[in-house]
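One chain follows as structure tokens, the form predicted on its own.
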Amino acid sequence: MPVLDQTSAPIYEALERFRSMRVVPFDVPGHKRGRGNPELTRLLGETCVSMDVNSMKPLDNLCHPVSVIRDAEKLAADAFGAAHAFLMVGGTTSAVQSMVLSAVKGGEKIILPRNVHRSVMGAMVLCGAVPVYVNPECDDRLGIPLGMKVSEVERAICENPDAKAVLVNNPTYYGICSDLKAIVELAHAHGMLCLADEAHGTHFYFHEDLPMSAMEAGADMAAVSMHKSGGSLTQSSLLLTGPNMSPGHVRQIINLTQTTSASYLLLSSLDIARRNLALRGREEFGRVMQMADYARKEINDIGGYYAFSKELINGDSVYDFDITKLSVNTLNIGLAGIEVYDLLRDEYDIQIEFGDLGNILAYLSIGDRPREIERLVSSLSEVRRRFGKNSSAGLMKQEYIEPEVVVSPQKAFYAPKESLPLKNTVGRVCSEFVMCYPPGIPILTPGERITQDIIAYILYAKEKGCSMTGPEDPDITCLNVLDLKED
């Protein structure tokens, strides 16, 4: 196989050639290189709007690439060690859903942890697959779900030998990694595919001191969020496949839901970001790891906070830890994570990734610099001094609540339903999603039994200011539940 030139960026280069041609546009988009929308041009700049163009022969077509997009996909596959790479412009949600839809059909089982992103559950609503949950262990101090134990995955496989696939988070939002290689081998030994949600693991492919990537572990498919730690534009992503997957079949699945009007801004950003990571990723992520380690030490020296890291590793449910994730438990300063999240933004002009009931996450990547780290650390110290409380009494830990699955997500989502006040739904079967976003891990999914603990959790999260999404009622005063005749 010929060695590919990772200094090349074929989509970007084709766009530059196209700009120099001064083509008169009698096609879409209707702003005609920005001339029809001067306010948009002032906001984004002439270079940006001039590159917001339609698919055409010189620029290829994402639905059926034969030239520059195909070349960019080959370079991405080479950079990530995959058999094939698909450029995705619908975010990693689209990549995850295409991955799941490529692996399972209606009525087929998929083994997965319950702490998956909403996109996984959305895929099951779309295709009718049936979830088999591997309930994760929880860390009592942090109140977060951990990875999947290999023994628990094996038990689920033995109890469900007809399952078609196993899905693994690599890593979780908090940086927790399961033993992916062992799970891949286990799945393959039982004739199942292994899929990885690597929305937060793009950087794993570019430094040997980071956890093992899905392609290195032998996974069949991986959804990779290039726009998170990889540096491309928001909403751009990659879907990677191994040698056992038919690229033609996967492309057909992608084309069921992905736009036919792909943004060349997103495509070129993927192309340029891949080139940057291939050429400089190891150096850049080495620097990110150093910054994260420094920040953890400084935050832990403040007192009260707990910025956790590799000390959590136990060889099983925490097989490895992504040290670029600056995850911090806040309960011992007497504040919920979401409260610290809000204070950092409102009082100190610092926007971190998310805050939940007990933790915050500051997302570090290639665009961060030491002076921003210093500002974050000093602001956290000020938050503790100004707003911290002597007791964590009354604070609820974010604990994993084991679901009772009554019917499949698809059946519940489309079944006859009724809307009830939140407190009156205990014992009923939910027909919609409820989640804090971010991280976007559902508290309830369609088909699960609503319990008093779940209601208490939702009410507490609302009280503390968590951004709750999913239900038809935006205020979440009511929930849709299955009609009793269906329940």
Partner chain sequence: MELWFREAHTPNVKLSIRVDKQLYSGQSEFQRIDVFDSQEFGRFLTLDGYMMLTEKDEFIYHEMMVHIPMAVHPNVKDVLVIGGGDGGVVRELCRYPEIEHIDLVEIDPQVVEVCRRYLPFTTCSLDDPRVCIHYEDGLRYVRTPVEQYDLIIVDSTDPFGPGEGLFTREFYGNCSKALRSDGIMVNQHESPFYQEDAIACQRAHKRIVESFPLAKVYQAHIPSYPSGHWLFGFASKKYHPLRDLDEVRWNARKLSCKYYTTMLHKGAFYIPAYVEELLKNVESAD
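Residue numbers count along the first chain shown, from 1. None of the values given here were measured: they were computed from a predicted structure.
Although it is not shown, the form predicted together with its partner chain is what the next lines describe.
4.5 Å heavy atom contact, Leu279 and its partner chain in the predicted complex:
No - in the predicted complex, heavy atoms of Leu279 and its partner chain never come within 4.5 Å of each other.
In the predicted complex, does Val377 have a heavy atom within 4.5 Å of its partner chain?
Judged by the heavy-atom cut-off of 4.5 Å, Val377 is in contact with its partner chain in the predicted complex.
How about Glu298: is it within 4.5 Å of its partner chain in the predicted complex, going by heavy atoms?
Because a heavy atom of Glu298 falls inside 4.5 Å of its partner chain in the predicted complex, the answer is yes.
I'd like to know if Asp293 sits close to its partner chain in the predicted complex, meaning any non-hydrogen atom pair within 4.5 angstroms.
Asp293: no contact with its partner chain in the predicted complex.
Only one of Asp349, Glu404, Asp140, Asp209 comes within 4.5 Å of its partner chain in the predicted complex by heavy atoms, so just point that one out.
Looking at the other structure, the residue within range turns out to be Asp349.
Counting non-hydrogen atoms within 4.5 angstroms of its partner chain in the predicted complex, say which of Arg386, Lys310, Lys105, His249 makes the cut.
After the contact test, the surviving option is Arg386.
Its partner chain in the predicted complex: contacting segment from 378-386, 144-152, 179-187, 263-271, heavy atom within 4.5 Å
Within 4.5 Å of the partner lies stretch 378-386.
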